[in-house]
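In structure tokens, one chain follows: the form predicted on its own.
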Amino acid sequence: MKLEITGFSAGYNKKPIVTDISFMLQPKTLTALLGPNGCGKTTLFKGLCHLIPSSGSCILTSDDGGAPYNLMQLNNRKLAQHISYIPQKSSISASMPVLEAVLMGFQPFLPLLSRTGKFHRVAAFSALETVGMQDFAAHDFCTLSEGQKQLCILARTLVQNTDILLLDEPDSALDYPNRNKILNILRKIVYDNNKAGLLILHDPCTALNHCAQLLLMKEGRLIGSVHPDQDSETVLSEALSQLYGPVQVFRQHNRFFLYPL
């Protein structure tokens, strides 16, 4: 499945924050959205998930010739069958076992008033194993650290099993080992399962080393995109300099580095 967004705008109280955004998310591709604080990255995500007023075209199509979906016309339940959204902080405030929090990922697919069963619990525990949180399955979700909560919400996203993953700073509360772990897990999920992932990231080096496409955002608009595996270091440097001031990107031992000029 691929997602094509055209002329997309979103905002609050009839005031647009992001305007005329157009881009495409390809399957088997992890994409980073980069930009300074306040430029509209989270607003874009909320608009795509119908959490705030938005307009434009948002078309999900498959390569097998199936009918495309206009996500702007779907209700929230149907939308959750195609898009998973992980916000900066979990919206779960009530005490519940971690496993129950993960099982919430099945809700968009269950018939009304139906409950999860043994199959769902096995799948939820397997997802916790994938993110390394299986030992916390019976713990109260509210007692976890923010980083642990983020890993559990990722497990919930795994069982939700949607075509499109939207993650708002998924690495923000994680230490260095878990930051690399979660990004490697995401890249494997996206590639192995033919999904498309869009991440809001603040560290351009992390984006360069983990993502195949970088979207550059400033003052509510997209100002460009680059592909680390295809573009030269000169092209990458010039593009990122639009966001961070004069910077130099270089590659050493198969890894990207960036330093200010």
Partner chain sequence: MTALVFTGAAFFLSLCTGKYPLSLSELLSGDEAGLRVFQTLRLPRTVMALCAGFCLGCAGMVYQIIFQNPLASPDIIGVSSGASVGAAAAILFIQASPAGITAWAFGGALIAVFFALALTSLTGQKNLTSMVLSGIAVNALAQSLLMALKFTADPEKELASIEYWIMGSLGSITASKIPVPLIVSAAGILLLFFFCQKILLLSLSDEEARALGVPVTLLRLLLLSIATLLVAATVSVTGLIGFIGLLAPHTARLLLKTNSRTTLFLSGLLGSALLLTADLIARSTVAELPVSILTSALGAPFLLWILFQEGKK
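These numbers come from a predicted model, not from an experiment. Numbering follows the first chain given and starts at 1.
Heads up, the form predicted in complex with the partner chain isn't pictured, but that's what we're talking about next.
Exercise for review: Decide if the three candidate residues Arg77, Ser93 and Pro111 all line the partner chain in the predicted bound form, where lining means a heavy atom within 4.5 Å.
Suggested key: The answer is yes: all three residues contact the partner (heavy atom, 4.5 Å cut-off).
When the contact criterion is heavy atoms within 4.5 Å, does Lys46 count as touching the partner chain in the predicted bound form? Judged by the heavy-atom cut-off of 4.5 Å, Lys46 is in contact with the partner chain in the predicted bound form.
task: Although the partner chain is absent from this view, report whether Lys118 comes within 4.5 Å of it in the predicted bound form, heavy atoms only.
output: Flag for Lys118 set to no.
Touches the partner chain in the predicted bound form: Met104 (any heavy atom, 4.5 Å): Result yes; Met104 sits at the interface with the partner chain in the predicted bound form.
With a 4.5 Å heavy atom cut-off, would you call Pro97 a contact of the partner chain in the predicted bound form?
Judged by the heavy-atom cut-off of 4.5 Å, Pro97 is in contact with the partner chain in the predicted bound form.
**Interface segment, criterion being heavy atoms within 4.5 Å of the partner chain in the predicted bound form, picked from 124-132, 184-192, 77-85, 171-179** = That would be stretch 77-85.
Can you pick out, from Leu51, Ile59, Val235, Ile223, the residue that has a heavy atom within 4.5 Å of the partner chain in the predicted bound form? Looking at Leu51, Ile59, Val235, Ile223 one by one, just Leu51 meets the 4.5 Å heavy-atom criterion.
* Give, in sequence order, every residue of 156-191 that has a heavy atom within 4.5 Å of the partner chain in the predicted bound form, or say none if there are no such residues. => Stretch hits, in order: Arg156, Gln160.
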